[in-house]
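Next up is one chain by itself, shown in structure tokens, the form predicted on its own.
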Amino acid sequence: MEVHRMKPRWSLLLIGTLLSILLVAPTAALAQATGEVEIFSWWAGDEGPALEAIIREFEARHPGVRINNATVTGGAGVNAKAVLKTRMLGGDPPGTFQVHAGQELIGTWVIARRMEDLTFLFEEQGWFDVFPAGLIDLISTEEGVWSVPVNIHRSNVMWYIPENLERWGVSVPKTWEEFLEIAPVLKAQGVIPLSLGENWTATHLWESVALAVLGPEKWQQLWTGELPFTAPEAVAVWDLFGRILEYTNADAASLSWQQATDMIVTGEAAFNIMGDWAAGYMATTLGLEPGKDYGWAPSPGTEGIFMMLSDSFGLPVGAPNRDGVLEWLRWIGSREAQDIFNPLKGSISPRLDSDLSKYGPYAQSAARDWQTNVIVGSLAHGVVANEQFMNDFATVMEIFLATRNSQAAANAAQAIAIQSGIGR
């Protein structure tokens, strides 16, 4: 069989044509995305500017796409998740929706086979090389990868105003026993030692207390079923939590997390335990200078431990405008989008190649801790337990706040752990 050699001139032309196709291909792919893309989240109001910033940039790059920013307000997504559940089960999924990496994603929507596998997107974008392996594990099963992470938040942070602490003659407590020693000093000066908000912020505080009492290994054992909630050390978490609640504001149930944060800014309270979206709120919304106008530390007893959560977006089965959603997912997974979004949100980018020079002092300290601390997952924000447990735990918390009965709360937590399949 005769082999014909290609003439050099035609060879060069062909190479040039192929290069042109390769160079133009990404642009052509971007141009194909049109129509409306619905983005469902609970980032409204004070948490909205970061999302709005990357939406503006996305629409500028994709003039044929209109984003429907469908937000449902409500602390930690409580209201949004209820609406989402109704829509997903009713066969009316949004284009994409905010979901926490971990069991909120895997144990709720993936196990119910409501999400599309995004492994192809991770391979196409090279994301297996730029996202930490531990985080990819949280959004994966043996069958695929199920969402695109946009941030890393830290849950176990204590916030305060340095000038106020100096005026009141107290220091940041390193343990909860230290907090209980200085709390009466603050109370005697008419200062609420620890501000607290609605139910979910009580769970947020509880997980920091539990981490301090149990340490990272036993905390993890709660979620594998190796340590029952009725074990003496787990009951002791509720005992200490009850003592701490004696130094919180009586109107907590009626306050949002922002209002609880406001209490330390105005000097009504000394400390607040909240995730680092509080940094985004104080810096972006209130215009305070990190390190000067407000300070931070690991919640008492958790030095060297980083309790994490990660917001992500996935592709529901049957989502409208699938091509447009995929373009949105490509965008939010990019380094450029994440380094626009996270400095405004108060979080850090999960990407290993993030440009930290674009972040403020708090985020840079969080990034250092993320790389060096022991990492554990948050309960209040969907990492370690599925939606069923989290919903039922809110009821356990309500009962404890009303009765302060540690053993009853421990028994109830163990019962819902069994019912929701913890450790199975």
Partner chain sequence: MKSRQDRLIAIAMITPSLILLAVFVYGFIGQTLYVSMSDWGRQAALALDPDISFIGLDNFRELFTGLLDVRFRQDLVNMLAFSVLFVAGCLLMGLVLATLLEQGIRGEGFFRTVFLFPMSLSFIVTGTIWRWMLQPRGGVNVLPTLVGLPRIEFAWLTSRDQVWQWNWQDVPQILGILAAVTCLVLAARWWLTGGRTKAVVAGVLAAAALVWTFTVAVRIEVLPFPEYHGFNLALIGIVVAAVWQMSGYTMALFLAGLRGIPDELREAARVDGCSWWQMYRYVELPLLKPIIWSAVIILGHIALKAFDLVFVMAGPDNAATSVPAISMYLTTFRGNQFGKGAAIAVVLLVLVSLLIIPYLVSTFRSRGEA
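Positions refer to the first chain, counted from 1. Rigid core (definition): largest C-alpha set, two forms, superposition within 1.5 Å. On a predicted model such as this, the values are computed, not experimentally measured, just so you know.
In what follows, reference is made to the form predicted in complex with its partner chain, a form of this protein that is not presented.
**Student:** Mark Thr141 yes when one of its heavy atoms lies within 4.5 Å of a heavy atom of its partner chain in the predicted bound form, and no otherwise.
**Tutor:** Result no; Thr141 lies far from its partner chain in the predicted bound form.
**Student:** Verify the contact flag for Ala394: yes if a non-hydrogen atom of it lies within 4.5 Å of a non-hydrogen atom of its partner chain in the predicted bound form, no if not.
**Tutor:** Ala394: contacts its partner chain in the predicted bound form.
**Student:** May I ask you to check whether Glu387 falls inside a 4.5 Å heavy atom distance of its partner chain in the predicted bound form?
**Tutor:** Flag for Glu387 set to yes.
**Student:** May I ask you to state whether Ile136 is within 4.5 Å of its partner chain in the predicted bound form, using heavy atom distances?
**Tutor:** It does not: once its partner chain is placed as it appears in the predicted bound form, Ile136 has no heavy atom within 4.5 Å of it.
**Student:** Using heavy atoms and a 4.5 Å cut-off, decide whether Glu217, Ala236 and Asn405 all contact its partner chain in the predicted bound form.
**Tutor:** Not one of the three qualifies.
**Student:** Pick from Ala297, Val78, Leu288, Ala319: which residue has any heavy atom within 4.5 angstroms of its partner chain in the predicted bound form?
**Tutor:** It is Val78.
**Student:** Tell me, out of Glu226, Glu268, Glu336, Glu181, which residue has a non-hydrogen atom within 4.5 angstroms of its partner chain in the predicted bound form.
**Tutor:** Going through each option in turn, the one that passes is Glu268.
**Student:** Given the stretches 348 to 356, 328 to 336, 120 to 128, 247 to 255, which is the single one in contact with its partner chain in the predicted bound form, using a heavy atom cutoff of 4.5 Å?
**Tutor:** Among the listed stretches, the partner-contacting one is 247 to 255.
**Student:** Within 406 to 423, which residues come within 4.5 Å of its partner chain in the predicted bound form, counting heavy atoms only?
**Tutor:** Residues within 4.5 Å: Ala412, Ala415, Ile416, Gln419, Ser420, Gly421.
**Student:** Spell out whether the Cα of Ala231 moves at least 2 Å between this form and the one not shown when the two forms are superposed on their rigid core.
**Tutor:** For Ala231, whose C-alpha is compared between this form and the one not shown after core superposition, the shift is less than 2 Å.
**Student:** Once everything's superposed on the core, is Arg243 shifted 2 Å or more at the Cα between this form and the one not shown?
**Tutor:** No; that C-alpha moves by less than 2 Å between this form and the one not shown.
**Student:** If the two forms are fitted on the core, does Gly275 show a Cα displacement reaching 2 angstroms between this form and the one not shown?
**Tutor:** Stays below the 2 Å threshold, so no.
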